[in-house]
Ligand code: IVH
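In the block that follows, a single chain appears as structure tokens, in the form predicted alone.
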Amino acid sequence: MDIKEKIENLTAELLKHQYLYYVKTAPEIPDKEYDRLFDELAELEKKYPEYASDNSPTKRVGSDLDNTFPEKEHSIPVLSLEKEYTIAGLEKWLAKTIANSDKTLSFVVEEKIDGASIVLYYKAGKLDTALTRGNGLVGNDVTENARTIKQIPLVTGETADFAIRGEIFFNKSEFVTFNAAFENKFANPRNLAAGSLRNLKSSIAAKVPLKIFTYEGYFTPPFTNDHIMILAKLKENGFTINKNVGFFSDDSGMRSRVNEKLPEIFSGAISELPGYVKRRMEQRDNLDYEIDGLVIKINELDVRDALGYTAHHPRWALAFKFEAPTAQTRVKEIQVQVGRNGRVTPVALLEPVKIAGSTVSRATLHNQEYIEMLELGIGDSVGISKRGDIIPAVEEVLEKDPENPTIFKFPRECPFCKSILEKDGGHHFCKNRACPERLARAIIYFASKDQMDIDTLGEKTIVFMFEKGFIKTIPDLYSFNYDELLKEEGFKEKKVNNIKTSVENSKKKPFRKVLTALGFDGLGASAAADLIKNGFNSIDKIIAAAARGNVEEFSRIGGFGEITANLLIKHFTDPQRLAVIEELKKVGLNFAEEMPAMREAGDMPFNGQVWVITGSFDNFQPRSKAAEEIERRGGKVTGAVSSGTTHLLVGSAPGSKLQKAQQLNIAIIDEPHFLEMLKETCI
């Protein structure tokens, strides 16, 4: 046997075992034997790269080379779906569809997976290209990353060209663990799946256990007139299809033939379809992956062809969404904002719409990956909600702008200083530390209510002073002669005196407040409290430890780890930051605080407790004051309710966190009860 033949045989054998392991969950050989065959193939491909296949099993591990994600045109229709939110509306659509057809129809109901859409193009039965949905006309080429997904067949038994549509997703049960590896930058499993699929290094994407359900196949020439039989063929060729599929036909013979091919799916008469949809709605929370609805499709392909498409959606399918968007509006513009540490955040400017009694005209879009996941462009009609009853968010694109169906792309330059934006992880950054917007945002953050609480210096006043050149850096807040404001319109003596008093009072803030107000990445209120609790109760101690460069000094603090430790070393060895700290020392800010009397961890009354705070309070304004009390007693405060949360402190207008805590049977503590707890555990 020559080398080329040996490589081909090993490739075929390993692909077979990958299919048995990842798709059928029925391995035939032990892991060690698989690893031996894999290593043998990898070694041969290294010596004889001219014989290596593009679809070799070794491609599953990915590459460390950057992917550029060029755009390519789709050769099949990749459109959105018409949407319905009520059972009555679904029944009306079914009746209308059946009445308008002169043929006997059947229907297929599939779960609408909340993931990242992908189109797989095969040539001669081998994976050739994988494209994201994009704007429906073109998508990003993510082939190298798609090859790393174990459930995607690299080689099939087909000999013709064909295309497959599917949805990449991530299991809920694995989300917390894997998101931690990405520094918790993804809000949910859908974002993690989309972000991993677009990772610039396929070797990183390969480490994430992405899954796929395939739901459409396009074969030329067609071998059947039934969509359900296409699903059966996909299954026969090693593709993973969702077992939670319903087939509905009044032809009992057809149902029997379908059950022979796909015994795992549900089948019934068309009259049973609405009831099936209701049951699937109730079973949603029991799934280990996210779905946001069901898709109802006409099964007969010739009827689909006759009905055709609008510019937005096929006329033969309907998306039944479980939750209607709170409101519908249109994106007028997308702007980018630059934060104090250079992070660039896109914001959608919306046609004003009312939600929960307030008018919403802006919504955050998080980052470029979120925009691409939504496939959002200026002019699109969108569904928006208020997450946690507070933050407006764009949830989905309801209809692309028919005149300009694009996807928004970040600008190349910072709009404030014209520096080239740099991508780092899931976000873009302006790395110019002299960027005027970064400097202004740092001052605004420092003076804000949750930080130094200089309450008479609001954002508008700071922006005015910054643009006039009165202040340029944080220390300028303490050196500026505020009497100069009396010469400016809108500044009377009383207002100026109040500003001077607030600035002076801020000098009394404790060290932990000053530390977090500096606004350094990774140094929030909880981290500052942990530093102080572990002996770093002065800025000099922190700077000295950072100068030693010993990561372990910081990483051994519970909850820190190497990432936070390295950030602290970076921040507190930076000459510019140290210069700011020295200037703030000179004006009299507190850069040390007495260590609390040492107590055993087990003796701390809130030791081991994890709290989340939501709503507004009479006695804790800002809410960080309540967090301080919890942390002083040994508790930990986090921002999101999870299975690890032990207590939820609830004020007025608590939002969705209360509902989630109730579902998880977490202790709910109101303000009067909390005050009693503080009295009982006085420290």
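The numbering used is simple: start at 1 and walk along the sequence shown. Not measured: the values here are computed from a predicted model.
Unshown form predicted in complex with the named molecule; subsequent notes refer to it.
Contact annotation for V119: none of its heavy atoms lies within 4.5 Å of the named molecule in the predicted complex. Taking non-hydrogen atoms only, D380 never approaches the named molecule to within 4.5 angstroms in the predicted complex. Contact check for P314: a heavy atom falls within 4.5 Å of the named molecule in the predicted complex. For K112, a non-hydrogen atom is located within 4.5 Å of the named molecule in the predicted complex, even though that partner is not displayed. Screening V138, A327, V295, C435 for any heavy atom within 4.5 Å of the named molecule in the predicted complex leaves a single hit, V295.
Residue in contact with the named molecule in the predicted complex (any heavy atom within 4.5 Å), chosen from V360, L79, L127, L518: L79. With the named molecule left out of view, the stretch that reaches within 4.5 Å of it through heavy atoms in the predicted complex is, among 476 to 484, 576 to 584, 80 to 88, 336 to 344, 80 to 88. Residues R165, E167 are the members of 143 to 171 with a non-hydrogen atom no more than 4.5 angstroms from the named molecule in the predicted complex.
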